[in-house]
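What follows is one chain in structure tokens, specifically the form predicted on its own.
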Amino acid sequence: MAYRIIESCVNCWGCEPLCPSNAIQAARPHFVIDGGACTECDGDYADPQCASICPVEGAILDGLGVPVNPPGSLTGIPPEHLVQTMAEIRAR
């Protein structure tokens, strides 16, 4: 199964040069992954390179529609604790 980039992509260009199979192309309104070329970095890297660099949590989905870079993956803050954590940060 290939990965898929969804509309929350901000076209930052971070993923395109890292893809070992050259499966990511610029398109409108956001980047796309060629499903026939995507290897999910299998055999090249332990983690998908596109998800490892993506600045938008949840923008890259696996073949089942599950985010490869889920909410909390950038910040380390579980989504269920985000509101409380943000309130604590603002209170400082």
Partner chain sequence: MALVALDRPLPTPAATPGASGGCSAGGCGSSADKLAQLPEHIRAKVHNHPCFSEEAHHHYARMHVAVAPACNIQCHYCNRKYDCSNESRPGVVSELLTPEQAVKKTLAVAAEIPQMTVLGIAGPGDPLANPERTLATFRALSKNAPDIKLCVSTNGLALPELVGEICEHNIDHVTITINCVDPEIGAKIYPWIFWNNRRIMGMKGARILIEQQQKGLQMLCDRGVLVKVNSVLIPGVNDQHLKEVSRVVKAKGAFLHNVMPLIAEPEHGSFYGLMGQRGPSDEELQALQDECAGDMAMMRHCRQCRADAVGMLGEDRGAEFTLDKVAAMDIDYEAAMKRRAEVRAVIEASRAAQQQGRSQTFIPITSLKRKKPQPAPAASPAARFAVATTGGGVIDQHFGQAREFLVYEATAAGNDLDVRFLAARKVDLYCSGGDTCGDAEDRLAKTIRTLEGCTGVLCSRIGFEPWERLEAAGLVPNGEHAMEPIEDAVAAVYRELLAEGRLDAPAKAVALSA
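Source: prediction; values computed, not measured. Positions refer to the first chain, counted from 1.
Only in words, not in the display: the form predicted together with its partner chain, which the text now covers.
Checklist entry - Does at least one non-hydrogen atom of Met86 fall within 4.5 angstroms of its partner chain in the predicted complex? => result So Met86 counts as contacting its partner chain.
Checklist entry - Is Ser21 one of the residues lying within 4.5 Å of its partner chain in the predicted complex, judged by heavy atom distances? => result Result no; Ser21 lies far from its partner chain in the predicted complex.
Checklist entry - Hey, in the predicted complex, does Cys54 get a heavy atom within 4.5 angstroms of its partner chain? => result Judged by the heavy-atom cut-off of 4.5 Å, Cys54 is in contact with its partner chain in the predicted complex.
Checklist entry - So in the predicted complex, does any heavy atom of Ala46 sit within 4.5 Å of its partner chain? => result Ala46: yes, in contact with its partner chain in the predicted complex.
Checklist entry - Taking its partner chain in the predicted complex, which residues along 1 to 39 bring a heavy atom to within 4.5 Å of it? => result Contacting residues: Val10, Cys12, Trp13, Gly14, Leu18.
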